[in-house]
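What follows is a single chain, given as structure tokens, in the form predicted on its own.
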């Protein structure tokens, strides 16, 4: 029996989640390019590709390097990158081994990207001149309501034209409907996404720039995504589920595939304390969340406080406190943050450990 705490993956639930999202994308008539920052696992990535994903979305150059080295050769860095210094060298190296798409929301940004892939040390050929190499591709990021990065959809052609002038390929446009992370917000965010992307797509085509890729999606908005506008869907959390998705209604407890196994180390009436804290679960708690996480065995319970290595769980009236030494499965609020804290995932089938998977891209934050 393993010492707690540790993160465990229910392999059967994982496979069911992968199959369900692949079927949803197929029904919409869109490509699935899931976000690998959730799982950071080469094994999970390979399973996503086996279920028909066209490639992966990643959050950082370091993640792209790890997944490319592991054989995932169609990657989308879905945020604007300022490509100078070592990062420029790393992008140039990536463009040699993978079909690489990078987000951009400024003319200055695409010029930096172009300079990065053209530049080389003395005697080194630029990436686009190497046999079999494709030019670096960009997708123009537009703001659909999350108000993080991304320019106004009407201005998308400005960045696309600058990319073409600089010798880059243009795949199309994308957005992140992050404002879907609110109770009841998924459908409205999906509608905002469709409107913004349609404007951006039309801006490119009006300028004579083809726009084959129209990319969006988040796990809370995926169910309401509009296949008539989107050509590509990029959810991430769906592979595992978490307490946020549970409370948003995006998943049900029986579909949650990743939990933190913890042991009850202290108890009193209505309260237990377990040996998994913020260094196992992460500390995320959006304002609408009812706690710091949930308990799979006691759905009405709430994690009310986190220390570094302990979680305090309030039990509903009438529920006896589990005995000291009992094991509980905790559902982190934000599974992406929890995974990034773990060295490995313990894989279980029918509740029995069958394998471990390294968190290959743990800490790949640059």
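Positions refer to the first chain, counted from 1. Please read all numbers here as calculations on a predicted model, not as lab measurements.
Same protein, other form: the form predicted together with another copy of the chain, not shown, and the subject of what follows.
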Checklist entry - in the predicted complex, do 47, 51 and 257 all put a heavy atom within 4.5 Å of another copy of the chain? => result no
Checklist outcome for this item: Picking from 300, 297, 308, 26, the single residue whose non-hydrogen atoms come within 4.5 angstroms of another copy of the chain in the predicted complex is 308
Next on the checklist: Considering non-hydrogen atoms and a 4.5 Å limit, which listed residue (185, 199, 265, 166) is close to another copy of the chain in the predicted complex?
Outcome noted: 265
Checklist entry - Among 202-210, 158-166, 220-228, 79-87, which stretch has residues whose heavy atoms lie within 4.5 Å of another copy of the chain in the predicted complex? => result 79-87
Checklist entry - residue 148 near another copy of the chain in the predicted complex, any heavy atom under 4.5 Å? => result yes
Checklist entry - Is residue 108 close to another copy of the chain in the predicted complex, meaning a heavy atom pair under 4.5 Å apart or at it? => result yes
Checklist entry - Is residue 247 close to another copy of the chain in the predicted complex, meaning a heavy atom pair under 4.5 Å apart or at it? => result no
Item to check | Contact flag, residue 33 vs another copy of the chain in the predicted complex, heavy atom cut 4.5 Å | outcome: no
Next on the checklist: Using a 4.5 Å cut-off on any heavy atom, which residues of 38-52 would contact another copy of the chain in the predicted complex?
Outcome noted: 40
